[in-house]
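Take a look at this single chain, the form predicted alone, given in structure tokens.
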Amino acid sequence: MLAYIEKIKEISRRLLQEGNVDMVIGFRRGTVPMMNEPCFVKTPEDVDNLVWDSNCGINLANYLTNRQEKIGIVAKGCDSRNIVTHIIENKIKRDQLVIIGVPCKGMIDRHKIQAMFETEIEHVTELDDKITIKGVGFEKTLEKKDVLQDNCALCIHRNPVIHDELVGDLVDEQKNIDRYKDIRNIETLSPEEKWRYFDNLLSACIRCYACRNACPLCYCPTCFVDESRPQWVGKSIDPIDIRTFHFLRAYHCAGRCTDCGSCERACPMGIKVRLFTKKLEKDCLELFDWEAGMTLEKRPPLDTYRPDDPDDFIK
């Protein structure tokens, strides 16, 4: 994916020089390894700050909400699907955007890599499908496929679904991927076992809201956890409050989540919060034949009604 950098710069510079956009939203090198940062480029001279590699996991659609400018945005597959959702939900207009599509082969998981080393990682380089990690007294080369984010390893929509410019040839989509094996395993548990499972899953939560803040779908003017009239959920780290936060947030994402992994990437405690949204993603696919962000031509299932909607759940 390193080959995309010069093309991203070329397109971004042209768009700014010709006045087609007011800014380009992309990535610049982060201050610590494996943490590239969102970057708002507003002049052709600043285009050289843009980078692209396997550390660009943040979903840039998060920075489009309610903006008024004409914007160029660098978008991999999941970003583009969230952009579609933003357009459908009237958070940005299609004619405001020039989408610079980036075919993606996955982002690396810094949590997985950091867990492999006892001392600080000082430098990370990428070449082809190998990642080289360096620190004081050590250097190790890893296969990229072994350290992908979990959502990237399961991704079957790696190419942007909507774009105006494309920085490289489309990549082959992954085939024969079992995206919901973990969800089916949980579905087989008894109610008591599920309760214990989710108690254990959420036991480390510190209610920092990093998952909510990183999510490109969480743009309610006032989040339900901040409401006081009425108060939906307490402010404590009581297990009931923690469960309520995660369950309600997941349902707010039902039929909208693209499994971009932003929530897990942001979680400082390493909680697999995608398990909540993936269950609802699976249900939407099986019940409504729906995958979020794949088209501008259809509304999501939870904001439409059809006479043939499934109703077996009604007792």
Partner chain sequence: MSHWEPKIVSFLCNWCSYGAADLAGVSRMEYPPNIRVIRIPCTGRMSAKFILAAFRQGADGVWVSG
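Positions refer to the first chain, counted from 1. Being a predicted model, the structure only gives us computed values, none of them experimental.
The form predicted in complex with its partner chain is left out here; the points below concern that form.
Although the partner is absent here, N159 lies well away from its partner chain in the predicted complex, with no heavy atom inside 4.5 Å. Residue contact check for F224: one or more of its heavy atoms lie within 4.5 Å of its partner chain in the predicted complex. Interface residue remark: T244 is counted as part of the site for its partner chain in the predicted complex, having a heavy atom within 4.5 Å.
Using a 4.5 angstroms limit between non-hydrogen atoms, G234 touches its partner chain in the predicted complex. Note on contacts: among L127, I240, M116, A204, the single residue with a heavy atom within 4.5 Å of its partner chain in the predicted complex is I240. Taking L287, L275, I271, L248 one by one, only a single residue has any non-hydrogen atom within 4.5 Å of its partner chain in the predicted complex, and it is L248. Residues within 4.5 angstroms of its partner chain in the predicted complex, judged by any non-hydrogen atom, belong to 226-234 and to none of the other stretches in 104-112, 77-85, 226-234, 128-136.
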